[in-house]
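To begin, one chain is listed below as structure tokens, in the form predicted alone.
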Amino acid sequence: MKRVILLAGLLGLATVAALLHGQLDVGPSVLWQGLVTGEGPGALILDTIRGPRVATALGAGAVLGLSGTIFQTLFRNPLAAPDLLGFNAGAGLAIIAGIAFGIALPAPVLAAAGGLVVAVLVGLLAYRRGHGTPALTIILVGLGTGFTATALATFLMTLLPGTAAAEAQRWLTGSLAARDWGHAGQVWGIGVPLALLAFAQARHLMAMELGGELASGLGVRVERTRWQVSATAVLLAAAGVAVAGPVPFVALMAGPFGARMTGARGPAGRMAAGAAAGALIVVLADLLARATLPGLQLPVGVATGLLGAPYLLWRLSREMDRGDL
């Protein structure tokens, strides 16, 4: 319980720090006055400048972290995350394609469609009749598919006018700039029902974690459960991508970080810890990206990339030492 409180406390402190600090810092008293009276610079920060951005960061990080934890549990592999599996790239490609071709559908719908199409494509490409598909094969196929989706998105950006192309490039890196309460409401409004659905699937996920044969022996329909749980996780990742872009490495890092911090053992506990850790990572990365260099706000994806790349290298080294790669 102490570890859970520690993670919750860190998330609360990070949220307050993200509201206080930026290109222009304010004190806690100013923020409190704005919260109580609804007037002054504190109210402006809470209502317009940083409040919507921080709320969007919390929601996007939570759904990405939850999605990554589900995939890592389902495939029993810490490298199985929607960014490495190509699902985030597919969601991003769908949104860029919607902008380039003028497809009048909401961003969450486009992102969900793109993520699901890539998930089906990865499943088909990795499938071998009569043989179980190792998780590593799915991850490698997902990496290749994700690179292809990213290349296609980059190509489509060349069809956009200059300003739109620059903004699309920034979004594709992973950005929380100019987010409003509509974006925050969108990611929380979609993310909460999907999270409830994911936690309802935790019992089956616990059986799947034992392996396909044991899960089947416990009465679980393995293939159907795998597709159902995967679809939920893809939609969670797409909800985050729709408001923040394909922010890299959050889904990869959040699950192991949350489990290590809280000591959670069961799938439901690890999922909750992964969601909280994902929110913490995105809020801190966004604070780092917009407050480190005076006069310059970097996309949040740059900060998560700087944090996540060394983690990926360490994780790969550890998996090789174990003989799993």
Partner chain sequence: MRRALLVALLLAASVALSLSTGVRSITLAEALSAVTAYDLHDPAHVTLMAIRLPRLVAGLVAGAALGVAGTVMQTLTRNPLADPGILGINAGAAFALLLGAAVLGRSDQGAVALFAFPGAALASLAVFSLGGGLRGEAGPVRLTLAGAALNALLLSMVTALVLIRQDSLDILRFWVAGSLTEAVYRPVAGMALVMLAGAALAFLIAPLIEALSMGANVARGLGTQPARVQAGGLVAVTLTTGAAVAIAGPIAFLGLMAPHLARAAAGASMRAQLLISAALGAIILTLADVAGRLVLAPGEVRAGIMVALLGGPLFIWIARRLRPGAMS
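Just so it is clear, the structure is predicted and the values come from calculations on it, not from any experiment. Positions refer to the first chain, counted from 1.
Although not depicted, the form predicted in complex with its partner chain is the subject of the following passage.
K.L.:
Of T232, T225, S175, T145, which residue is found within 4.5 angstroms of its partner chain in the predicted bound form when only non-hydrogen atoms are counted?
P.N.:
Contact residue from the list: T145.
K.L.:
Quick one: of V220, L74, I139, L194, which gets a non-hydrogen atom within 4.5 angstroms of its partner chain in the predicted bound form?
P.N.:
Answer to the contact question: I139.
K.L.:
Answer for F249 alone: is it within 4.5 Å of its partner chain in the predicted bound form, judged on heavy atom distances?
P.N.:
Close contact exists here: in the predicted bound form, F249 approaches its partner chain to within 4.5 Å, heavy atoms only.
K.L.:
At the 4.5 Å heavy atom threshold, is L159 in contact with its partner chain in the predicted bound form?
P.N.:
Contact with its partner chain, yes.
K.L.:
Going by a heavy atom distance of 4.5 Å, is A113 a contact of its partner chain in the predicted bound form?
P.N.:
Because no heavy atom of A113 falls inside 4.5 Å of its partner chain in the predicted bound form, the answer is no.
K.L.:
With heavy atoms only and a cut-off of 4.5 Å, decide whether L293 touches its partner chain in the predicted bound form.
P.N.:
Contact with its partner chain, yes.
K.L.:
Could you tell me which stretch in 99-107, 167-175, 211-219, 239-247 has residues with non-hydrogen atoms within 4.5 Å of its partner chain in the predicted bound form?
P.N.:
Going by heavy atoms within 4.5 Å, the stretch is 167-175.
K.L.:
Scan 80-110 and write down, in order along the chain, each residue with a heavy atom lying within 4.5 Å of its partner chain in the predicted bound form.
P.N.:
Sequence-ordered list has one entry, L84.
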